[in-house]
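Coming up is one lone chain in structure tokens, specifically the form predicted on its own.
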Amino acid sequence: MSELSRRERMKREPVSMPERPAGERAADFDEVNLGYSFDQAVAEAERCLLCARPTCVQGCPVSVDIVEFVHRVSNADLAGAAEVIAADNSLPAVCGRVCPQETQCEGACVLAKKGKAIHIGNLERFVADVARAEGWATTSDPAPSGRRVAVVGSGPAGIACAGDLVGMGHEVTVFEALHELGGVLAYGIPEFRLPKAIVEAEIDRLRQRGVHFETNAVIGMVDTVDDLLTTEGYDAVFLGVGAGFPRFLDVPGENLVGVYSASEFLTRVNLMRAYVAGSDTPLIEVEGRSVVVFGAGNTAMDAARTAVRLGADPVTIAYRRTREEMPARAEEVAHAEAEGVVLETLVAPVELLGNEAGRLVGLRLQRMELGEPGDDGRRRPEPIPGEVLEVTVDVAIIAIGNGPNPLLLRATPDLDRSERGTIAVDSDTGSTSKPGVYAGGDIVTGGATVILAMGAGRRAARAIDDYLGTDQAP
């Protein structure tokens, strides 16, 4: 690092992420954020205070040695920085783009207390993109152990688990129910936030390391978890199938034509390549139509911004609390507004209205106000008596969360469940009530973040490796 004093580093101005103009990017699915140049990355890295007790590492769910990798960037040692990241994070190009660093590593940064945190996510993305472009190999795997592990689900939890297990010498096969690999990374996150080429590159890197992949493999139908452990001969199983079962509003009219879950909407766009210019893929028709999205998380923002790019007008986010309570990343909310999405707060749906043909034509919304805090510390939205309004709308997209798909759980009745219906596990190891079976990610926590799912996958991989070295394993 350049010879700068701590005071000098603290005076350095943060380097913001360059991004495309809103008017331009709202018309296509190209990536919004442009990434750092070399000089920008070094300048941002030079702001790091090299804390002796780095709280940023404590804020990272996979415990990347952030101080060391940022230090190497500041010294222009990008290959070394890539090695440091790869030791703990198998999806750095993904995490650098979609993880909520502001509430994790950056939120824990010392500089965040007096100014602006180091843009750790931007630097991670920069290093990962350079490593991919240069073809740097950042991992080496040991001799085969002779053990076989089945990973169910190719989302972030499954990929992280598979990457660590193959690095421990185990033979790993990943089973994916859909025809595309990547789980929520492929079907749930829009191209403008996470290009599919990046997900494909991460999958290819695992394939080159020896991980096997099987698509169109619905565990719970073709094979059960018991089949994997017996007839298929796997020594352990990791379940990382996510939470892809959408929740709905539970109000009249949800069965009308023109009402969709965000999961269905985004999956159609992503897996049917509607983001490709000139695509004639059959899709939900929103061009020239009014769209309302219920919810205010990242998925709601993704759905709304996708609708804008498909030509919907107007596009509105309807949320029962205020902007300050929105769970989406601040960057995603700002991007959505800049691209023309309208934020309608303190409203809740009470009925979806249809015509004689059974098609959605309007909404009945209840005006809300915030009352006393609930058990989660957030102020409860309460209806204002007599304040009900009706609006016309062509399409409604419901983005209020997802639950576990019941298919695999029904086929594995001896797996203990939590009160929320997710798989119950030991939080330190991911072990389930079924010997040799581990689980992690959204199937355990409910909808959460990519990096938290990866952390669960990595913890499970360590536990599986320990299990395979004991007498308990087959």
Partner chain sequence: MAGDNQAMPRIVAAQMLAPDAKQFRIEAPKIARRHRAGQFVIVRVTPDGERIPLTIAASDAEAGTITLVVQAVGKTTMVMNDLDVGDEILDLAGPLGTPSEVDDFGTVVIVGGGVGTAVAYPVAVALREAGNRIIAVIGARNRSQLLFEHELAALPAEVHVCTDDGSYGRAGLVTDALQDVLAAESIDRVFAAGPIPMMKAVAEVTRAAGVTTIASLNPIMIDGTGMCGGCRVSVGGHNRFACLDGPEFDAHEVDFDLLASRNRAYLEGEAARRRELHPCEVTVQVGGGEST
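Positions refer to the first chain, counted from 1. Everything numeric here is computed off the predicted structure, so don't read it as measured data.
Separately, the form predicted together with its partner chain exists; it is not shown, and the next lines address it.
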| query | finding |
| --- | --- |
| Heavy atom contact within 4.5 Å of its partner chain in the model of the complex, the stretch among 211 to 219, 91 to 99, 143 to 151, 361 to 369 | 211 to 219 |
| Contact test, all of Asp227, Gly278 and Arg410, partner its partner chain in the model of the complex, heavy atom 4.5 Å | yes |
| Glu331, heavy atom within 4.5 angstroms of its partner chain in the model of the complex | no |
| Thr422: touches its partner chain in the model of the complex, heavy atom cutoff 4.5 angstroms | no |
| In the model of the complex, Trp136 touching its partner chain (heavy atom, 4.5 Å) | no |
| Interface membership of Phe126, its partner chain in the model of the complex, 4.5 Å heavy atom rule | no |
| Position in contact with its partner chain when the complex is considered in the model of the complex, options Thr345, Gln104, Ser261, Ser290, heavy atoms within 4.5 Å | Ser261 |
| Heavy atom within 4.5 Å of its partner chain in the model of the complex - the one residue of Arg380, Arg323, Lys116, Arg207 that qualifies | Arg207 |
| Any residue of 241 to 263 that, in the model of the complex, places a heavy atom within 4.5 Å of its partner chain | Gly244, Phe245, Pro246, Phe248, Glu254, Asn255, Leu256, Val257, Val259, Tyr260, Ser261, Ser263 |
| Direction of Cα pair change Tyr275-Asp204 in the model of the complex, magnitude 3 angstroms or more | farther |
